[in-house]
Each structure stands twice: as structure tokens, then as C-alpha cells.
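The chain below stands alone and is given in C-alpha cells; this is the form predicted alone.
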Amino acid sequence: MQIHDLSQPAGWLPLVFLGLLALAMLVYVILDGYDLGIGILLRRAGDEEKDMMIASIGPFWDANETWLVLGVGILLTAFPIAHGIILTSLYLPVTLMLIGLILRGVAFDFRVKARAHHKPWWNRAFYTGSLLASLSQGLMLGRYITGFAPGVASWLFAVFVALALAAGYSLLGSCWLILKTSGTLQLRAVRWARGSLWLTALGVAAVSVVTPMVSSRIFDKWFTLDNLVWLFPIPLLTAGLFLWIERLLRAFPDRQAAGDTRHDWLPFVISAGIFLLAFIGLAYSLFPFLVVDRVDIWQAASAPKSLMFLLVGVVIVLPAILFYTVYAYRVFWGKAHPLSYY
């Protein structure tokens, strides 16, 4: 592999934009993941519960999608070669994801003002859009991990990852409801979280097993003796978080009955931690390639002058996104209240 001079803009700028891309995608997966998960769970709830579930994400859901726009924008402008390869290979699931996101966006607003006999249709549209977007993202992830390899086995793996990611989003959504609601809905969210927990765990395990099998380079990064020693805490901590959240969810009904709300936030933090550790492991495996063993970040990057110009814009835009994200969550902190546009 070619050694790059990190003292020069051509060396360090691609690393900076890779970090920004990783940040945008990680924040998107966690934040939009929970509201996609709530959309998937919507069909299991009663009418009043559906309204409260929607109210719990009302102030946040559209801002959460800003991170996807930022991430795709960085990929397009900073790494156009990789963008062309990835989006060309994932044309169909990307199209399906966009259809799903549009459908749920329209349904979110229309269900609030719809007449009573139309509301179930918009609820189903919100559920369908959320499920379609989640499955599409999982399919994209599975295809990306295998380097867009042809063959039945590669596609079956991608389909399994799609199902597991939908379960992971359901886990995030359930834990968000535990944080934002109370009473019967909160207890139902606990059951939903426990129901989605182990498919999520199987998905993380499958990605962890298959990724080193895709590339001998990735296998060597994980399983040489020196690396294995300091990387072992990642799967160990991930397994520990799964066991911790399962134990916490099992004990939750007794805590609620005792009026203990001090740890309502903890399941969501643990589930986000699982996604964070999985993301770290995958990022370590793939680095420095944006397309597995084909195109690295320096090959894919725009010209240094272009990246420097883009960096000025990112320095302005990113703090603004961070500010209004933190501000919105600060203002609407606490339990959710019924949402109304009247």
C-alpha cells in the first residue's frame, strides 16, 4: 500500500473528510434509527399509543435526517470516485430507501390532520415507509460489506443484514419509547425491545464473522496476535452491553411498578453504545478503503484545493447542525406529550 505524506494537504485532507463522513453516518444511524424503529413498531400499537409514539419523535425526526444529507453530500463532493461506484452498485436499494423516506415524511404530516377514517391509511403508510427505508439501508450495508460481490451467498447475507438492521432500529425505537413515555406504552416498549434484541445480536455477530472472510487484509488486521490483544475488548464490550440491556429490560417492569424512573434513559444509551461499537469495528476493518480492497480514500478523494474549499463550508455548516440538534433535544427533553398542529 502506498505511503502518503500526512504533512501535505493531499495526505491529511482525505482523512479529515473520512472522519466527517464517519461522524455523519454514525449520528444518522443512531438518531434516525430510533425514529425509523418507532415507525416499524407503529403497527403493533393501539390508536392512542400510535399518537404518543409519533409525538415522541415529532420535534426530532426531520432534523435527524439532516445527517444523512450531510453524509451523502460529503461522499459526493469529497470522494466522487467512491460515490460513483457505491451509488451505481446500490441504485435499486437507494431508490427504495428514498421512496420509503418520502412516504413516511408525507404520512407523518398528513396523519395529524387526516379525518378519522383516513388516519389508519396514513399510519400504514408511515409503517411501510419506515420498514422500506430500514430494510433498504440494511441491504445496502450487506452489499457494501461484501464489496458488491455477485452470487447467491452474498445476496442472502445482505438480506439477513437487512432484517437484522430493521430489528436493530426497532431496538433503538423501543428504548427511545422507554425514555420518552410511561405507563402501559412504556411496558409494551420493554417487550418490543426484548423481542428485537437477539436478532440484532445475530446481525452484529454475522457482520463480525463475514467481514474478515471477505478480505485477507481485513482478516490479518483482526487476527494477528498483536492486534487481537488490543482489539478483543470491542467484541467483549459489545457482548457485555447485550447482556446488560437484556438484564435491565427483564427487571424493568418491577422498577416501573415501584415508581423508579431514574434509569429510563439507560436502555437507549446502551443500545446506542452497541451501534457505536459495531460501527467502530466495521470502520477499523474497512479503513483506509471506501470500496473494499478496490478504492482507498486517497484514490477516491477530490483535488486538495477542492477539499480545502469544501472544508471551509463544513466548518460553517457542521457547528450549525450540531447546535440545533443539541438545542432541539435540550428543549424537548423529558417525557413526550400529545402532538397537535391545531
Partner chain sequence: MFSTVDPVLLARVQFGLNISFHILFPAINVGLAWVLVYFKRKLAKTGDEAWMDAYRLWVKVFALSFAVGVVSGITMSFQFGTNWPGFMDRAGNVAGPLLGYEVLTAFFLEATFLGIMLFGSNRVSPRVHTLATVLVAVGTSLSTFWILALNSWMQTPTGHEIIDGKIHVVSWWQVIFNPSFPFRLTHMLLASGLTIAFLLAGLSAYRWLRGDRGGDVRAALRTGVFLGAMLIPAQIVVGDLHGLNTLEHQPAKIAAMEGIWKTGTSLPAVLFGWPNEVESRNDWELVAPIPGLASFYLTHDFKGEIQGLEAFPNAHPPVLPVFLAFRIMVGVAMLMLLVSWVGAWQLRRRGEPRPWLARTLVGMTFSGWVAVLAGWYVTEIGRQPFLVYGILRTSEAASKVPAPLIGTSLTLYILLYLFLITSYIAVLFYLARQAARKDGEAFKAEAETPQPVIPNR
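Being a predicted model, the structure only gives us computed values, none of them experimental. Positions refer to the first chain, counted from 1. Between two forms, the rigid core is the largest collection of C-alphas that superpose within 1.5 Å.
Quick note: we don't show the form predicted together with its partner chain, though the next part is all about it.
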| property | result |
| --- | --- |
| Interface residue in the model of the complex among 128, 154, 208, 77, criterion: non-hydrogen atom within 4.5 angstroms of its partner chain | 77 |
| Listed residue that, although its partner chain is not shown, lies within 4.5 Å of it in the model of the complex (heavy atoms), from 235, 105, 147, 195 | 105 |
| Exercise: residue 321 in contact with its partner chain in the model of the complex, heavy atom 4.5 Å | yes |
| Distance check, residue 225 to its partner chain in the model of the complex, heavy atom within 4.5 Å | no |
| Distance check, residue 122 to its partner chain in the model of the complex, heavy atom within 4.5 Å | yes |
| Residue 258, heavy atom within 4.5 angstroms of its partner chain in the model of the complex | no |
| Listed range touching its partner chain, judged in the model of the complex by heavy atoms within 4.5 Å, from 264 to 272, 245 to 253, 196 to 204, 88 to 96 | 88 to 96 |
| Contact test, all of 6, 21 and 40, partner its partner chain in the model of the complex, heavy atom 4.5 Å | no |
| Stretch 259 to 293 - residues with a heavy atom within 4.5 Å of its partner chain in the model of the complex | none |
| Residue 19 C-alpha relocation of at least 2 Å between the shown form and the other one, rigid core basis | no |
| Core fit, then residue 10 C-alpha moves 2 Å or more between the shown form and the other one | no |
| Rigid-core frame, C-alpha of residue 320, shift of 2 angstroms or more between the shown form and the other one | yes |
